[in-house]
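Okay, so here's just one chain, in structure tokens, the form predicted on its own.
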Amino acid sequence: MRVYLSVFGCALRRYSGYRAATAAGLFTNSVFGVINALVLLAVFAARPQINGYTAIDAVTQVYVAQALLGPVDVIGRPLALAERIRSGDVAVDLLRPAHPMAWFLAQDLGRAAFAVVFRSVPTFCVGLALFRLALPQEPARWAAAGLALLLAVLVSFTLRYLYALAGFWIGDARGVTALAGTVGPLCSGLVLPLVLFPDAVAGVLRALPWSAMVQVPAEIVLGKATLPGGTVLGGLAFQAAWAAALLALGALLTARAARRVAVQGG
């Protein structure tokens, strides 16, 4: 555990050094939040309620999504593992007395912790200053929103870890990552709340793991009955189930990939 805490701390210090990039990300999130919010306000001006969502709900989801964009990394930017597989440096990772998935998870949690404080909170405050947002009224729902954030980070990490692992079989995972950069924002509720899709399409998208990164956390903040199971606990259970399934799949594929490297003499 001490090793992983050290990795977490190193990642936290590393990302704290990128002040200009952090400021640029905060500015981008804030601007895109305003643009998305104004578009949705125009939509709801024509139709005040859509599948249980009001204009205030939609704008709140916009800023929840923008706040999540930093720590959750919905766009699916690649882990360092992807390049290490391509270059062959992953052989060093496999020799460490630590599981590769746990090592990169600790790194990603350090990155996410920094992003929550220096990107998520300021971005959401911009939304509060510019628009009327629907905030949880009960402390328990704030706590549930915090847990949903952690589970969203886990789901995001496991998906990006699996994208990187594809490099063991196809040599270069950049194509997978590029495709994920399109699929993730669309299927997660980042581009549009999933309630705005046709019911049949929304039902499919809600069942996929990407919805656990934005749509479910946003609905937990809003306290919507459209959550899996119709409750906050159902939404958290949905996220936890996907996180556990993807972590188990990642561990299984890591073990197979390590044997593959050994067979190839890497």
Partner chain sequence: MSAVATYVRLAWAWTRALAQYPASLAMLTAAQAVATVGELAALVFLFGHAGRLGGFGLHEALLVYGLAGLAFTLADLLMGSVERLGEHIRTGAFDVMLVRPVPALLQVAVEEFSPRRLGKVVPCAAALGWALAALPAEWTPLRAAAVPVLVASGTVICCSVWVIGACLQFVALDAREAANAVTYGGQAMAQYPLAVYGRDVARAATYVVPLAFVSWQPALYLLERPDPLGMPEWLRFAPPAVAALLALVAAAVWRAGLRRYRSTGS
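Residue numbers count along the first chain shown, from 1. Fair warning: this is a prediction, and the values are worked out from it, not measured in the lab.
The discussion below concerns the form predicted together with its partner chain, not included here.
Chemist: Taking 4.5 angstroms as the heavy atom distance cut-off, pick the stretch from 210 to 218, 42 to 50, 63 to 71, 227 to 235 that is near its partner chain in the model of the complex.
Modeler: The contacting stretch here is 42 to 50.
Chemist: Can you confirm whether Ile56, Ala80 and Gly203, the three residues that make up this candidate site, all sit within 4.5 Å of its partner chain in the model of the complex, judged by heavy atoms?
Modeler: Contact check failed for every one of Ile56, Ala80 and Gly203.
Chemist: Within 4.5 Å, heavy atoms only, which of Leu196, Ile75, Leu133, Ala106 is in contact with its partner chain in the model of the complex?
Modeler: Answer to the contact question: Leu196.
Chemist: Just one of Ala129, Leu94, Val121, Leu179 has a heavy atom within 4.5 angstroms of its partner chain in the model of the complex, so which one?
Modeler: By the 4.5 Å criterion, the partner-contacting residue is Leu179.
Chemist: In the model of the complex, is there a heavy atom of its partner chain that lies within 4.5 Å of any heavy atom of Met101, even though the partner is absent here?
Modeler: Because no heavy atom of Met101 falls inside 4.5 Å of its partner chain in the model of the complex, the answer is no.
Chemist: Does its partner chain get within 4.5 angstroms of any non-hydrogen atom of Gly146 in the model of the complex?
Modeler: No, Gly146 stays farther than 4.5 Å from its partner chain in the model of the complex.
Chemist: Taking the shortest heavy atom distance, is Ala244 within 4.5 Å of its partner chain in the model of the complex?
Modeler: No - in the model of the complex, heavy atoms of Ala244 and its partner chain never come within 4.5 Å of each other.
Chemist: Considering only heavy atoms, tell me if Cys125 and its partner chain come within 4.5 Å of each other in the model of the complex.
Modeler: Taking the distances in the model of the complex, the answer for Cys125 is no, it never comes within 4.5 Å of its partner chain.
Chemist: Give, in sequence order, every residue of 161 to 186 that has a heavy atom within 4.5 Å of its partner chain in the model of the complex, or say none if there are no such residues.
Modeler: Ile170, Asp172, Arg174, Gly175, Val176, Ala178, Leu179, Thr182, Leu186, in sequence order.
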